[in-house]
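Two separate entries follow, structure 1 and structure 2, each one form of the same protein chain as structure tokens.
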Structure 1
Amino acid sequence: MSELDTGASRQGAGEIARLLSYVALLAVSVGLFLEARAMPTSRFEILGAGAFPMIVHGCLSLLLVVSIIGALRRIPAAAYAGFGAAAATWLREKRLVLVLFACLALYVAAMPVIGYPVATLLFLIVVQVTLAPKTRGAIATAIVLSLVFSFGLNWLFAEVFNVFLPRGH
């Protein structure tokens, strides 16, 4: 593969990444537009509180659709195959980051259900054991730190600051 082919492949992969970012931003903008529509109106203002955010996100969505069309026109057909291989390599290299974000999402979703102490204990143990060396000392340290930062902080906030963290249902 020549230097020119590598440059063209990277440019195509960059265009595909730009296209995906436009699509993600469009999804967020449409979601925020729909949220702005749900804002209540008062009898004193005809347009309501959601009018300005709807205008902003409507214009932003329109610009993103135009950008998506432009990005689709700039992507060479051969770039899709190279992008798939590059994306697979990137996912393999960043798997720990993805695991951390998945654990964080589960933690945030589980906290209202099982409460702060248990959710934090599980989150910290899983993340520390995933990222730390797999030795007995590291695992023991992870368990102790998880207990301190879950049940210990819960006790501190409840007894000292009189602030109650989520208890779960």
Structure 2
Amino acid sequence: MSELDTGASRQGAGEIARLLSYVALLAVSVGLFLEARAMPTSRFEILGAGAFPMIVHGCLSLLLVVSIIGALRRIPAAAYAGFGAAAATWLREKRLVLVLFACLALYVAAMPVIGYPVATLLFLIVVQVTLAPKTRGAIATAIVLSLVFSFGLNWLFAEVFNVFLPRGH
């Protein structure tokens, strides 16, 4: 496949991804619009708690419908066939981003259990070693920085600012 074809196929995949985002957002927006509509109004005011969200989600839904129609008219039928492969390539290229988000999710989930210093130490060592060039200097730097920003920062906040970061169970 030529570079031009790859570019066009990526552009088509991008358009399809955006179309999917419009559809997902529309589903959420319509759901929230209906929930806002069901909110009771107060006797103290004309507009209730649901009025402003209804205005927002009404406008958002309308705009999304227009965007979906526009995208459907713009995307050539042939582009849908290559979407799966383009998405898989994109995910493969962005593997470090996925690793980063996975580590972040584990880090914030573990923090209340094992506490800030240990969770941060592990997070920093794992992420830095994953991203860094595999040299002795880089690994040593990663370990020192991990200690400073985990136990060091925890000490600074507790002793100087009287702010206590999660200590764990």
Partner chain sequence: MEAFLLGASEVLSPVTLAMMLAGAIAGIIAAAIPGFTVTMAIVLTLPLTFTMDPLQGISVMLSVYVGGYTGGLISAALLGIPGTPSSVATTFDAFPMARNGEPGRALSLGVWASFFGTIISTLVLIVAAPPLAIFAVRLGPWEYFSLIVFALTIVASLVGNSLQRGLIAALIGLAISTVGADPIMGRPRFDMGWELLAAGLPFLVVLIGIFAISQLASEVEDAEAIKRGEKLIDGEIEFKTWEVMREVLMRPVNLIRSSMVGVAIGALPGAGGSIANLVAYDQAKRASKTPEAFGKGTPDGVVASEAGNSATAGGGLIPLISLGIPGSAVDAILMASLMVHGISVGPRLIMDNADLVYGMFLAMAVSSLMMLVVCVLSMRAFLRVAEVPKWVVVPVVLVCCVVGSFALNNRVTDLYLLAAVGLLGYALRALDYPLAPLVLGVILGPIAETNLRRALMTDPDWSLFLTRPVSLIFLVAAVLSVAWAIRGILKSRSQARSGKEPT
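Here, residue number means position along structure 1's sequence, counting from 1. Think of the rigid core as the biggest set of C-alphas that the two forms share within 1.5 Å after superposition. All of these numbers come straight from a predicted model, not from anything done at the bench.
Looking at both structures, it is structure 2 that matches the form predicted together with its partner chain.
In this overlay on the rigid core, residue 78 has a C-alpha that sits 2 Å or more away from its partner position between structure 1 and structure 2. After superposing the rigid core, the C-alpha of residue 40 moves by 2 Å or more between structure 1 and structure 2.
Rigid-body analysis between structure 1 and structure 2: the smaller part rotates 42° against the larger, C-alpha superposition.
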